[in-house]
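What follows is one chain in structure tokens, specifically the form predicted on its own.
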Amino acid sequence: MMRLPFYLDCDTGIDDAMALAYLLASERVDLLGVGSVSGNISAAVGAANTLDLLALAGRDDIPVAVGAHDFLAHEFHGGATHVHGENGIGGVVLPHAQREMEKESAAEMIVRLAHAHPGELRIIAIGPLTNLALALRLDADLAALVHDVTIMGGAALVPGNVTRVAEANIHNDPEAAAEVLAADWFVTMVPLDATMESTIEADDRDVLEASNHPVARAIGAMLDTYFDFYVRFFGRRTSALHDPLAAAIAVGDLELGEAPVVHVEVDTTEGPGRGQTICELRYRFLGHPEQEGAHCRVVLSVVEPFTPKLMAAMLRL
């Protein structure tokens, strides 16, 4: 099977680690580079976590670039340590990678890879979209060079997870999200509508911790912290699979349910709607008629259970 070129932009916390493991296990993915961005933790810590996970997986051939520390209009606020732990990966201490960060920034890496693989590069962004916005500013032709972009972010018909209307990745840098969604490339947005419906359970965590593979065991240990946070939402020790679900959709491994291509705008005001993804879904009961000029597919549901696919991927690394 021919591997397709991918770039991953992330803020490596716990679900980012699962997404990275999923991509590394896929026979369809040629992961050409990873860029970090501040979100769950700072861009520098996220890049270190990524390098360490890649080394643990025996994939220190993949370059990692440090991306934006601050957002376009606001400074980085310190992250979500109450969700992902002080180090972003549930307090798990990984062996330190020998490979160093790349000298180029994450935005520069995106531009370089897009020119090296014109019309072929797939971008997966599972953190705030700052690096993608900066890359668009670096190269006015970038959107035409990229095959497509898949983002984990937003909330279409469900509440947000940091405010009543806003999801964390978009809320962190709505100005960047607005620029990315306005660019002339095809975007698949995987919002909370879909990601909160896919969960990993305590029994799955036990299987990971008993695995012979160090990455699976490490993720199993990380999940203890993630489960602590999600008890308040689900009433049991489990967690949503935000980032790995987006990764699987980007690779084409899941059949989509309701996933219309619609116009999406982002609220960039400083009011209570800041960070809201406003999706034109008023016609959903008419079968989602074509919206002229729309280029954002909003995944509201997937057809098949995702957790078995994710578990199989993490256990075969």
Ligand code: RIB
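Source: prediction; values computed, not measured. Numbers for residues come from their place in the sequence shown, where the first is 1.
Keep in mind that the form predicted together with alpha-D-ribofuranose (RIB) is missing from the display, and what follows is about it.
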Only hit among 245, 110, 180, 126 for heavy atom within 4.5 Å of alpha-D-ribofuranose (RIB) in the model of the complex is 126
Tell me, which of 198, 87, 161, 238 has a heavy atom within 4.5 angstroms of alpha-D-ribofuranose (RIB) in the model of the complex?
-> 161
Applying a 4.5 Å heavy atom distance criterion, does residue 130 contact alpha-D-ribofuranose (RIB) in the model of the complex?
-> no
Any non-hydrogen atom of residue 168 within 4.5 angstroms of alpha-D-ribofuranose (RIB) in the model of the complex | yes
Using a 4.5 Å heavy atom cut-off, state whether residue 277 contacts alpha-D-ribofuranose (RIB) in the model of the complex.
-> no
Residue 152: touches alpha-D-ribofuranose (RIB) in the model of the complex, heavy atom cutoff 4.5 angstroms = yes
Counting only non-hydrogen atoms, choose the one of 168-176, 213-221, 110-118, 89-97 that falls within 4.5 Å of alpha-D-ribofuranose (RIB) in the model of the complex.
-> 168-176
Can you name the residues of 18-49 that have a non-hydrogen atom within 4.5 angstroms of alpha-D-ribofuranose (RIB) in the model of the complex?
-> 40
